[in-house]
Ligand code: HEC
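Below sits a lone chain in structure tokens, taken as the form predicted on its own.
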Amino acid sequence: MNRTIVLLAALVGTTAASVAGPVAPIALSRGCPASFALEQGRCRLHTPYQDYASLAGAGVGGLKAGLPAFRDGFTPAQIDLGRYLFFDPVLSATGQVACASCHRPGHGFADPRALSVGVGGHEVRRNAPSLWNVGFLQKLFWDGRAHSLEEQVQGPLYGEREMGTTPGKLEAALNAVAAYRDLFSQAFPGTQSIQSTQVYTALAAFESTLVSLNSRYDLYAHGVHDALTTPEIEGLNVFRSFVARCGECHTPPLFTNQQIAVIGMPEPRGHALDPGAGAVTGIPGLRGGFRVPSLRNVALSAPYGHAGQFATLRETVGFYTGGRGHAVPKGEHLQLHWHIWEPHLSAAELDRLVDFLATLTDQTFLPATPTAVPSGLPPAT
């Protein structure tokens, strides 16, 4: 290790070293996670939805719609290394914040707080979205500014209010841990010194395996009619109706069309309007626009909205029947998405929608949370 790395490690590793304990030797997995099969040394996704030829996102989404393009082809070792990195706070500047601090497995890989808290106790600007099925997404972050998992992971790593590190500090912290030097050589043969790009690859590899396509809804979609109750089927019918129009944006099987939509959602009290994708693209018509989130495991990922504005699913679905533009601040003239209107859903219909959304819960293939991470720091949970 060169002198620069040693010095940086000394600077950024003080907090970590003060609490880290000895770590038992770790051998990375040689097998693929559930839903993936090992083919020529790479993990490839296998799901019944690959048998369907219809395009996902077309129309209001038929039950047997096919999947969009997805990320796979990582090695088992890269995926397992990414799992350890995901839960290890050594990736942050303070050694106290991990990816899993804000994307908690037990909460649908989202955060039960409206706004997550990063290094130094700073609140971030937006709610942490769920990571389930993130490997299928073409736009990432609420404002859609990233277009690959490798690009996305750099946002929280280097965000001043999130993990607060830099590429140099990240590399120094990891190279200072003997266990990580060994693990990176397992996942990336020939590695002499850990590079930040390898960190991005490993995290992307792990996140690409967070696949949730085995809910009771999926059983129903594949032909098991009694997988849903009568109230849940009624909720599905409301969801797909041309009155509610939920399925036009939240199209099966991912329950998102991956587009940016301006819907006029309210901001938290005292917060100015978040321009969302409008600030990223410079397109006036996208002011206040955000990526349509997937509804997979949505019953687990409260609160809802780009800033966690709604505490419950019932509040959230109720917003959409409140009237076009009813929550837009005075003085703002947003170009609301064409399908936001006044469906006048009854209280019973809203209740059935909530019943249906609960059928999208599926954590069958929830990855194991490490009991210890290579840095010796307490893993995030």
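Everything numeric in this text was worked out from a predicted model, so none of it was measured. Each residue number is its position in the shown sequence, starting from 1.
Just so it is clear, the following notes concern the form predicted together with this ligand, a form of the same protein that is not shown.
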Checking L313, C32, L334, L45 against this ligand in the predicted complex, the residue with a non-hydrogen atom inside 4.5 angstroms turns out to be L313
Contact residue in the predicted complex, from P129, G278, P105, G95 (heavy atom within 4.5 Å of this ligand): P129
Considering this ligand in the predicted complex, find the one stretch among 185-193, 225-233, 111-119, 72-80 with heavy atoms no farther than 4.5 Å from it. 111-119
Mind checking whether each of F136, H147 and P253 has a heavy atom within 4.5 Å of this ligand in the predicted complex? no
Would you please decide whether G305 lies within 4.5 angstroms of this ligand in the predicted complex, comparing each non-hydrogen atom pair? yes
Test of understanding: in the predicted complex, would V298 fall inside 4.5 Å of this ligand by heavy atoms? yes
Please run the contact check for K64 against this ligand in the predicted complex: heavy atoms, 4.5 angstroms, yes or no? no
Wondering, does L219 line up within 4.5 Å of this ligand in the predicted complex on heavy atoms? no
Going by heavy atoms, what in 195-211 lies within 4.5 angstroms of this ligand in the predicted complex? L203, E207
